[in-house]
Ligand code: FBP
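First, one chain by itself in structure tokens, the form predicted on its own.
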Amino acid sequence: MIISALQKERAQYAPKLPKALRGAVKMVDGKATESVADQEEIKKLFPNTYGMPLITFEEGDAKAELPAMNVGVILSGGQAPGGHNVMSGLFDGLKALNPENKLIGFLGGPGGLVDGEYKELTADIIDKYRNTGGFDIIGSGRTKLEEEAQFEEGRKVCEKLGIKALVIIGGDDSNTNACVLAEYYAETKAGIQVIGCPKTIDGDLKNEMIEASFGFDTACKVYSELIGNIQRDANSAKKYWHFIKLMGRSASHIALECALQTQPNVTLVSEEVEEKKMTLGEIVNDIANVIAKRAEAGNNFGTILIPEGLIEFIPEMKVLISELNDLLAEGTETEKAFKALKKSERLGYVAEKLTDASAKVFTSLPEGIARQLTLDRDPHGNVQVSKIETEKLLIEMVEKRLSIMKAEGKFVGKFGAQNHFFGYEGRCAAPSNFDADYCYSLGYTASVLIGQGKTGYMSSVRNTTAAAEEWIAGGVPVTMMMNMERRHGHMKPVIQKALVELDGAPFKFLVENREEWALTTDYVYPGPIQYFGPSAVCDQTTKTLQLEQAK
């Protein structure tokens, strides 16, 4: 197998560990925990794993002798840079506990556990994937572990393989499933521990104990390089406005971080749009006004960052999408009738079924966007936001607005636009030094939690703006992050998503500077991820973390 020169060099990289994990480890219990909301309901649903203490690891005196055990690992959900290093850290940590420990990877995500599809991950296999991007070592999947029948099939597979602990590497939904699984195995005394690791490039799995989800740092650096390249091109050609959509359905962390790294002319933040109850027309007017002001200075170019989930945060669009989700829910009579119609008849049929207000919004949209809103729903029954070309919608509406402004003498320039969507480009990139170190530490921490007999915990590594040796490793009960939310018409316990905090330091920094960035050409060009060189260049954290921790 041919590998790149970079892969050869990165294979030799030794990820940095917190000093507390480099030898014997002592576990220190902190305060008892409670869920972020709905405490009584969560406690009732998780009697065996609720209220457990926070855990911190410190340097110990003597290494404990532990019997050999088999541990299973699952990659769940969308890919994120650094997943292979979580597994490398887990593998090395388990071998440090007992050289006879074995790591078994379930293939294709949680479905591999239920279906009994697996392979043992030996040193030869692990070594090929150290410091690489992707989840291809065992593959990932989006099967949800929610049903008792699945738990029982998983238990049988674990018993057959002698597995005493499972590590589930995933986002908020995957770790919610891990928490439910941990509770079930504790309740049934199955003798199987369950530990989670926080993954998602979206950055919305975070709290006081989880400072960042892994992959966010790398993905944002990849996108920021691309944005910087585009900005340099825009400033060279001086004739295009680039509308750039970035991943992040439920939260705008990626768009905000990339804005902090590159200083574009306009950055839309979904949470602000929702807070201010901004209409689609107001958003379009704001963008058009920036374009007109720059044109007055002879600058007929610029960049605009758009979070993937923006359209769901615009109040009138949110109502429309909710009505469409109900109207076109799989198996409903209206959905069947809709699919039976000719393509040319479908939009008119939908408009007739909507409320007057939503019908007005729906019919005002460009036909292509309206059709995208009626595409098949995702597994949750929701519109597939990533397939809605919000960037093209804004270009078309801004162009119309500017033509009106030109007729009124309020726009004196030219408008040419290019659209982009950066998503998959960042999900499997080779991890930055930060993610390589952070992910390895998360995996190693998971092994120590297992060695301490813990279940229902998520691996936690904090103080991440300091040098890696000063990072604080430990565990946080997953129930601490949970609240009750309505899903498919029923109230369910789920990990609370972390949205952009409008009173937080990162967003405030954007607000303080965005007027200046809008009118000036004050672009920053981050360039590609640097793996070799001074620490100030190679090991820097995200701007978000630096501002949150005031460093």
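The structure displayed is predicted, hence computed values, not measured ones. Note that residue numbering begins at 1 and tracks the sequence as displayed.
One more form of this protein should be noted, the form predicted in complex with this ligand, which is absent from this view; the next part is about it.
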What is the one choice in K239, R142, K293, K410 with a heavy atom within 4.5 Å of this ligand in the model of the complex?
R142
Answer key: of T445, T200, S252, T218, within 4.5 Å of this ligand in the model of the complex (heavy atoms) is T200
Evaluate Y424 for contact with this ligand in the model of the complex, applying a 4.5 angstroms cut-off between non-hydrogen atoms, and reply yes or no.
yes
Taking heavy atoms and a 4.5 Å cut-off, does G105 contact this ligand in the model of the complex?
no
May I ask you to check whether G78 falls inside a 4.5 Å heavy atom distance of this ligand in the model of the complex?
yes
Residue contact check: M247 to this ligand in the model of the complex, 4.5 Å heavy atom
yes
Look at the stretches 192-200, 470-478, 282-290, 335-343 and give the one with heavy atoms within 4.5 Å of this ligand in the model of the complex.
192-200
Determine the residues of 279-318 with a heavy atom within 4.5 Å of this ligand in the model of the complex and present them in sequence order; the list may be empty.
E308
